[in-house]
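Shown here is one chain on its own, the form predicted on its own, set out as C-alpha cells.
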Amino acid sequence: MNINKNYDNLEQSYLFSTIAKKVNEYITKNPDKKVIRLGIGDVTLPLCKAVISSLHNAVDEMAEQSTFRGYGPEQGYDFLRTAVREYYNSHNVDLELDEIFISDGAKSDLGNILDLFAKDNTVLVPDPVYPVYVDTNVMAGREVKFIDANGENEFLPLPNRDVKADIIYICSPNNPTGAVYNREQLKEWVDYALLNKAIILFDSAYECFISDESLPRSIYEIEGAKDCAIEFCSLSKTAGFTGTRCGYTIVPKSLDKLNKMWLRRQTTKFNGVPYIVQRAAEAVFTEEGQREIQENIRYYKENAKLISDTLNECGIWHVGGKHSPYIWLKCPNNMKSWEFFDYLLEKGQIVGTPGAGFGKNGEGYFRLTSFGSKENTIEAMERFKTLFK
C-alpha cells in the first residue's frame, strides 16, 4: 500500500484551524475577556422565514408514505434546478436544466471538479487566494502557478499572455480581498482562456453582495464564457446555508464532454442533496425568499460599511466591503499579518484572518468579515478606534 505523498506538500495546518487554536488558547488564559470574532466567513443571522417554512413542510412530507422521498436525482430535483435557472434568467443568463447541478456547496464542487482533469494540467491562481484552490491541486500533484494580486492592481490581476495555463481560478467578488472584476476585465480572462484552450473555474459564491448592475454577477454575462468556464455558487452566504449545505455548479453543454463527465462523476460518487434541503433552497428563489434574504444581506453590508468607515477614520488603507462581506486592510504600522493578528487579539480581543494565510502577497494584510452581529461589530470598531485612531 502506497499513500498519496502529495499530502506532504501541503501546509501542516489549515489556516482556520490555526486561528481556532490560537483563539482557544487565549480564551483559556483569559476567561473574563469578551472575544469578538470577525475572522471566519460564517454567517450569524438565522435562516429566513420562507426557508424555514419550506423546510418544515418538507420534513412533514417525509413523515407520510404518500409523500416520502428516498433516493433523489444526483444532479438535483427539477424544481430546484428550475428555480436556479429562473434566477439566472433574471440576470440575463440563459441556462438549460441539464447544465445545472445541485450540490452540498461550492467548496465541495471546487475540489471535486478536479476529477475531470488530468494531473499534467498547469493551474493558475491569484495570490492571495482562498486556500482550497491551491490545496486541492497540491493533493492531486498538479503544478500551480501564481499571478500577483496586489495593491497596485487593486487585487484584480489580469492575464499575462506569456504565461500558459490550463485551469484558471477566478473568484469575484473575491475571497479574501473583496475586490470585484468589471465586465471588461472578465472579458480579458475569457479571451485568454479561449486563446489557450483553458478552462476557468469561476467562484461566484458572493455574487449576491453586488449592488451595482454594471458589475457582472455571473461569468456567463461575458461573451464566450460558456465555451471556457464552469461556475460555482453557494447558498451559504446568500441565504445562511453554511450549516444547511446547498449550492450549485453550472457546466455548460457547449463544453460538451465536461458536462457529460461531470454528470457521470456525480452519479457515481454523489447521492445528491437531501430532499428537505432542496425544498428549503427552492424557497430562497421565491419572491418572499428573495425579499427576506435581501434584508439579511443589507444587514451584513451595513456591518461592512461600519468597518470601512472606521478604517477610513483611522487612516488605514483597505479594499472590499462595498460589494462583498470581506474587508481587506493593510496592517497598521507595517506589522506582519500574524503579528497584527496577535496584537489585535491581545489588545482588542478582536479576531480576524491574517492575510499571509492566503499566500505570500497577503503578507502585511488582514481580512475582516461583516458576518458578525451588529452589536459586536459596533463594539469591535470602538475598540479598533481606541487602538489606532
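Bear in mind that the values here come from a model prediction, so they are computed numbers and not experimental data. One-based numbering along the sequence shown.
Below, we turn to the form predicted in complex with D-malate (MLT), even though it does not appear here.
Undergrad: Hey, with D-malate (MLT) in the predicted bound form, do G41, Y206 and K237 all fall inside the 4.5 Å heavy atom range?
TA: Every residue of the spot touches D-malate (MLT) in the predicted bound form.
Undergrad: Taking 4.5 angstroms as the cut-off for heavy atoms, does Y326 touch D-malate (MLT) in the predicted bound form?
TA: Contact check for Y326: yes, within 4.5 Å of D-malate (MLT) in the predicted bound form.
Undergrad: At 4.5 Å between heavy atoms, is N175 in contact with D-malate (MLT) in the predicted bound form?
TA: N175 belongs to the contact set for D-malate (MLT).
Undergrad: Report yes if any heavy atom of F285 sits within 4.5 Å of a heavy atom of D-malate (MLT) in the predicted bound form; otherwise report no.
TA: Outside the cut-off, so no.
Undergrad: Is Y130 near D-malate (MLT)? Define near as a heavy atom within 4.5 Å, in the predicted bound form.
TA: Yes, Y130 is a contact residue.
Undergrad: Only one of these stretches, 66 to 74, 52 to 60, 331 to 339, 33 to 41, has heavy atoms within 4.5 Å of D-malate (MLT) in the predicted bound form; which one is it?
TA: That would be stretch 33 to 41.
Undergrad: Identify, from the list R279, K107, K301, K187, the residue with a heavy atom within 4.5 Å of D-malate (MLT) in the predicted bound form.
TA: The residue from R279, K107, K301, K187 that makes the contact is K107.
Undergrad: Using a 4.5 Å heavy atom cutoff, which residues in 251 to 277 contact D-malate (MLT) in the predicted bound form? It's fine if the answer is none.
TA: If the 4.5 Å heavy-atom criterion is applied to D-malate (MLT) in the predicted bound form, 251 to 277 yields nothing.
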